[in-house]
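Let us start with two forms of the same protein chain, each given on its own as structure tokens and named structure 1 and structure 2.
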Structure 1
């Protein structure tokens, strides 16, 4: 059993840390939000006093944070992971951040003899809870193989996609496909609802054909039931698409659909919807059509 540090105990990080503890690993946790840390300690984790303290007590340190600046602060900042980590420690950043930030952190880690992987995930809260996340990893083969048994406790699909940064490029590609899929689903169901059809009937009719997808199966029922409780928040998906567009700009790649959906997400954030589930992208299209995607009245 490995000694594992876990930093970042939000919607995704909390169930991930609990799954490691269920498997018998000793987990030392830390979060800047005291209530989140208290909850993890109540579930059996050791209490870390800081990121550096967590690293000093761990062989593997996992970070699961909102964006690149938070990861940089947690790993490179004062009281950060690299202050406490001994040579031979491995840091696995499972946040979704810019690949350029991942590469910067990897260089600093290597200078201290610390291994580093970027390993963002897909699947949202449900798959974090049942440990069936898709994990996209960037880094050295030997480092990847050394932590693979731990990653298998968190995900059903774990793929080494290339060197450090490749994991986050893969995650950005994933986020583009998910966001555009939700937006297209929204347009389709808004059209059907405006035409007087039951959107649930339409969903059931198309899900077994070429239009069927994991995104459709997961998100259409939430929209139809008007359940926008966050599994993955709009503001975080907006952040991912922003990072995708910045990476694309640096490589002179045009992403017109991504840009459009990112603007939808920004507009929804300005309406105060940033903490809703990303399935609420549909509400942007609903507002333009003056209709809500839901079962007809009386059903």
Structure 2
């Protein structure tokens, strides 16, 4: 059994750390929010005093933090993972961040003899709880294989997609497809509703054809029932598309659709909708059309 450090005990990190403990691993945990750390300690984790302290007590350190700046602070900053980690430690960052930041951290880690993988996930809280996440990994094959038994305790599908940064490039590709799908679904349902159709009838009519998708099946019922409880928050998806645009710019790649949807998400955050589910992208299109996607009232 490995000694595993776990940093970031939020919506995703908390159930992931618990799954490692359930499998018999000793976990030392840390989060800047004391109540979250108390809860993990109550579930059997050791109490880390800082990121450096967690690293000093671990062979593998997993980070599950909001975005690149937090990962940089936790790994490279004062009192960070690299201050405490001995040579031979492996850091696995499972946050969704810019691949450019992953590469920067990998270089700093290598200078201390510390291995690094970027391993973002897809599947959200339910799959974090069930340990059925899709995990997209970037890094060296040998480092990947050494932590694979641990990743198998967290996910149902684990794929090495290339060198460091490749995990986050894959995750950004995933986030582009999901965001543009939701926006297109929103436009389609707004048009149908404005034309006087029942959006549920339209959804049922198209879902078995080429327009059918996992996104449509998951999100259309939420929109039609006006349930925008997250799920995946608008502000996190805005962050992912911003990271996609920054990475694309560094490679001189134009992403016009991603750019448009990222601006829609930003506008929704300014309307106070940042903590709604990303299916609430539809409300941006509804406002321009003066119609709300829902079942007709029969008036």
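Under this definition, the rigid core comprises the largest set of C-alpha atoms superposing within 1.5 Å between the forms. Positions refer to the first chain, counted from 1. If you're wondering where the values come from, they're calculated on a predicted model, not measured in any experiment.
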{"item": "Either 1 or 2, the form predicted alone", "value": "1"}
{"item": "Between structures 1 and 2, rigid part of residue 213 equal to that of residue 295", "value": "yes"}
{"item": "Smaller rigid part, angle turned between structures 1 and 2 (C-alpha superposition) in °", "value": "10"}
{"item": "Shift in Å of the C-alpha at residue 285 between structures 1 and 2 after core superposition", "value": "2.5"}
{"item": "Shift in Å of the residue 196 Cα between structures 1 and 2 [rigid core superposition]", "value": "4.6"}
